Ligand code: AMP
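Below sits a lone chain in structure tokens, taken as the form predicted alone.
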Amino acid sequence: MVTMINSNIILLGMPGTGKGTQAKFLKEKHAIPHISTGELFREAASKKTKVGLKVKGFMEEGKLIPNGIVNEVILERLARDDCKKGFILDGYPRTIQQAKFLDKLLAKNGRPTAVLFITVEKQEVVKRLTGRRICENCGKDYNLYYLPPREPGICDVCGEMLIQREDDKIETINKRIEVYWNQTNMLVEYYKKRKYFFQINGKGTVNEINKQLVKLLQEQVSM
């Protein structure tokens, strides 16, 4: 069942906390777009534009992409018609500067913004990320520990080989987590005193966590 929610949602948390998975559920339930900066950046990198080549270099090294480039990409995406009734941001903002830029942008539409902070221990995050695999042909996601393919290394859907993305290798993951704690974690302090800030324990099944998020958003609507 699709329910409409005239709101913006920001998902915060370390890489591998399940933000992308939960965003897809919320997208279907509330009929608003899921905007993943990771996907936007990978799309830009694949097109090999001037900005895309810069983005690719930062991603492969596990470094944060400069605020100016990120804000430019987000500004263009939020201007599209499908964002008029709200949207879900996954992977943005990642710095205080980006958050302030977003605040100014969202002040114009008057919709409430819910910030959902999903927490998971570092050891579990590393396990989740290093286990991720994707079919380069059809795009289906797998995890060696939680959602393995029927035949090792082969996609269940199209039979093509599965790959591990460069940013899911252990060296890059450790850099991503270090970057998160040094910079992105400050966003929790920035947002946590706001009316619609919620912290969720990301340990549990996908459905259990989803129920928590849906309940919090329903409570937000009634506030």
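Everything numeric in this text was worked out from a predicted model, so none of it was measured. Counting begins at 1, following the sequence as shown.
Another form exists, predicted together with adenosine monophosphate; not displayed. Remarks below refer to it.
- Although the partner is absent here, V51 lies well away from adenosine monophosphate in the predicted bound form, with no heavy atom inside 4.5 Å.
- Adenosine monophosphate is not shown here, but in the predicted bound form it comes within 4.5 Å of a heavy atom of V70.
- Proximity of R94 to adenosine monophosphate in the predicted bound form: non-hydrogen atoms within 4.5 Å are present.
- Using a 4.5 angstroms threshold between heavy atoms, T130 stays clear of adenosine monophosphate in the predicted bound form.
- The candidate site formed by K63, Q98 and R165 is fully in contact with adenosine monophosphate in the predicted bound form, as each residue has a non-hydrogen atom within 4.5 angstroms of it.
- Residue F58 is the only one of Y180, Y190, F197, F58 with a heavy atom lying within 4.5 Å of adenosine monophosphate in the predicted bound form.
- This chain is displayed without adenosine monophosphate, yet in the predicted bound form the stretch 84 to 92 from 108 to 116, 135 to 143, 149 to 157, 84 to 92 comes within 4.5 Å of it by heavy atoms.
- Shown here without adenosine monophosphate, the chain has T37, G38, F41, R42, F58 in 34 to 58 lying with a heavy atom within 4.5 Å of that partner in the predicted bound form.
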